[in-house]
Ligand SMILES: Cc1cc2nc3c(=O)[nH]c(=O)nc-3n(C[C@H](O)[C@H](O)[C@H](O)COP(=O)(O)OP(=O)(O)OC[C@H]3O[C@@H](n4cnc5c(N)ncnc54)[C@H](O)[C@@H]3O)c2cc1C
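Before any questions on how it binds or moves, here is one chain, the form predicted on its own, in structure tokens.
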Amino acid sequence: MIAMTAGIRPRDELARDAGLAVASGRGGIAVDDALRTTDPAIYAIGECASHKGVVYGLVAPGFRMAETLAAIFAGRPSRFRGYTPAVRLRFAGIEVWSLGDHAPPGTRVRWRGNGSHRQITLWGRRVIAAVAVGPWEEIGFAQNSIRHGYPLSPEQVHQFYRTGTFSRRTTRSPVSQWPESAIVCNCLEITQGALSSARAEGCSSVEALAARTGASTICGSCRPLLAELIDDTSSAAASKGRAGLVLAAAVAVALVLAIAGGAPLPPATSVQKIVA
């Protein structure tokens, strides 16, 4: 049996049945910048909501929506202006990054080498999107450039085309030397500045930083960066990651045995098409 899945589909059945407007095409409960539906007494956030035709399948924009709505309910002026995606995955020890919006046209500059693939999309001199497979020491720089619209010099573009790097440095700068605005935790958009402030206030372990700021509490991929920031490499998540992988493998084996010895599983209600 081969099972394949990609992306998300918003569950907007309740809204349709209630007569609320849903977005055409992909669907999703239509909301405005105040996250209000077509019924002014009803709001929607998260993966079921469609803001300006966009359904976000990520945790970070859901948190941003929640913060916006909390501010509105508290009587403070606030609007949701959209979200620039930043996704990091790690599978079998291989890092995969997708940053920014890849839909708009632009100039794409690619580099391949040493088992890695990197691509940036330029609009003029600004980086508007980037993808990477494999280690990339300057991913923080790329993300910061996309987030703040920093322009690249012609030398930096040429350097990237030739070597896959923006500078002649061969090693990544320590997290403690990153700009304060650089994002360390993508899920919650927690910056180096916020983490450094928490460390200065007495957070001397990864666990303390996580408890104070929330960093690494969603997917955990930034935990090694937190450990580096406090120079506590023994707290890195390698052992935790191995334990999680072993547990996942055990669960997978158990499921395979159960499926092999039992009745066929019915497809989920979200399955759109099955090809035998």
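Counting begins at 1, following the sequence as shown. Worth saying up front: this structure is predicted, and the values here are computed from it rather than measured.
Missing here is the form predicted in complex with the ligand; even so, the following discussion is about that form.
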{"property": "Segment assignment from 66-74, 29-37, 205-213, 42-50: heavy atom within 4.5 Å of the ligand in the predicted bound form", "result": "42-50"}
{"property": "Among the candidates 187, 198, 128, 175, the residue which, in the predicted bound form, approaches the ligand to within 4.5 Å (heavy atoms)", "result": "187"}
{"property": "The ligand contact in the predicted bound form: residue 14, any heavy atom under 4.5 Å", "result": "yes"}
{"property": "Any non-hydrogen atom of residue 59 within 4.5 angstroms of the ligand in the predicted bound form", "result": "yes"}
{"property": "The ligand contact in the predicted bound form: residue 218, any heavy atom under 4.5 Å", "result": "yes"}
{"property": "Contact label in the predicted bound form: residue 89 to the ligand, heavy atom within 4.5 Å", "result": "yes"}
